[in-house]
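Shown below, as structure tokens, is a lone chain in the form predicted alone; questions about how it binds or moves come after it.
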């Protein structure tokens, strides 16, 4: 019965579409809308069905999808059709990403397009261009405080520059990923300015209150995101004489998704950027999309329903576009952003594997893999047709959001172990070579997070200062070890710009008043392209790291067992310093790769016959696919040198 009502409404909506819309070629649109409308209507009704204007808002939703479909270029529509036919295309091992700031990498979008050959040289074929949407000077949160959702910030270029970049990347078979900040706007956005001017329509776009009664109830259970620089979750606006929810910074106003007009606006914006050439849209701060009193206002069920609805609507207009969930939350919550009640991804096809990232850094500091092994065992399996974004560093800090139960199981006290990690990576622990800085220190709880570049955190900065060649080589080995794991774990590896050249911390940020209080700016570099030329000079740090990654990427793309089909088996070696797993090709039973990583400064060994039944590998034929060499074996004892990894197989590469 409900399905009949749903399709009856669909017919009425199509009759109400504007005449100029109905005259266009909408065959694919109508087919996809018909296939998805029952789910779209059900979700929209669940969220907004009690409202008197439900039908009007439903009509508006379909109009937005239709209009953006009409605006979509023929070439992008062809890509949509091809990806619908090969719906697992993004699970292939051939994808390798890089995240970057446009100004830091190449100055502007024109400069970025001119550097497209650099990505091909390294082997990168997915480029995440971090926020380029217009944002205010000073109070911009690195581009995540948006003042105009439909324009490129003039400091990096124009919309036409972006379209040219998309064309240049696509010409080279490189995917383009763009950010859309879905949780909040800048207080200088038109919606916020009109709310300040007293327009009730736009005040309803945000959480705005006349007094502290409701905000105080929220504050009882909401954590503080930036306790040092933005304590609390509400800001008093002098112009309105009202309180506004500002979870991140006082200049970022949280959007109110209990208002369907907000959902429709944001869907329109997502589809708009898809039509500018984005193959992937990174949805920022998705865990915060629904607010309820007496909760943390994170990971609410309605937030997941909003994402499901966004995905279903995108499937109608731009089905070739993927979503990345930027949800840096507890391990048990992360996999839910693929779609908790589904078999295949019904929210976001890609999610940041923040748990894996933090566990890797724990292994670096402790020189063992106890917590890494325990944490990965506790990480829920992802859904089919979804994948991880595996990374070591990014533009943000390193949070230590391990599960306390896993820390205890690994033999540590949670509070003291996190304190050790902060001390280690900020160089406060005796003997630590790391040069990070604390971020987001909470004086009430003692919690802190960590800033710093990959090179500086593993000790390369201090090694270069001392001129110790052994320490330099250890740091290079550790950088390659960490990258080998994001390349082989299962998912899309995401490099962070500058890491491929061993870029160390940039301390100039302290001279900029707008950045001085935010240590994250020291790992948001400006690439020195003259220094980058050192990648061609044999023996330099830049050459050793760049060539190592270039080779690693090229080999990864040939290893079909590294495609992501939930085909990873974690192994218990009995050696706490080793992280070991098997990757197998589900379509070719003899295509198996054994991944072994030694986090210790001393050689380690493992007995291969203890890991699986004899006959699964022919030990005499084992080769390291990365180096092409035979590993050191004594009968079935494998020796792994310090800070070394192996990708072992008894099969020849194609």
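Residue numbers count along the first chain shown, from 1. Bear in mind that the values here come from a model prediction, so they are computed numbers and not experimental data.
In what follows, reference is made to the form predicted together with a small molecule, a form of this protein that is not presented.
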According to a 4.5 angstroms non-hydrogen atom cut-off, is residue 291 in contact with the small molecule in the predicted bound form?
no
Give a yes or no for residue 243: in the predicted bound form, does one of its heavy atoms lie within 4.5 Å of a heavy atom belonging to the small molecule?
no
So in the predicted bound form, does residue 83 come within 4.5 Å of the small molecule, heavy atom to heavy atom?
no
Answer for residue 403 alone: is it within 4.5 Å of the small molecule in the predicted bound form, judged on heavy atom distances?
no
Identify, from the list 326, 362, 187, 499, the residue with a heavy atom within 4.5 Å of the small molecule in the predicted bound form.
326
Since exactly one of 353, 308, 252, 387 fits, which has a heavy atom within 4.5 Å of the small molecule in the predicted bound form?
252
Given the small molecule in the predicted bound form, answer whether the residues 489, 626 and 647 all have a heavy atom inside 4.5 Å of it.
no
Could you tell me which of 556-564, 425-433, 471-479, 276-284 sits within 4.5 Å of the small molecule in the predicted bound form, going by non-hydrogen atoms?
276-284
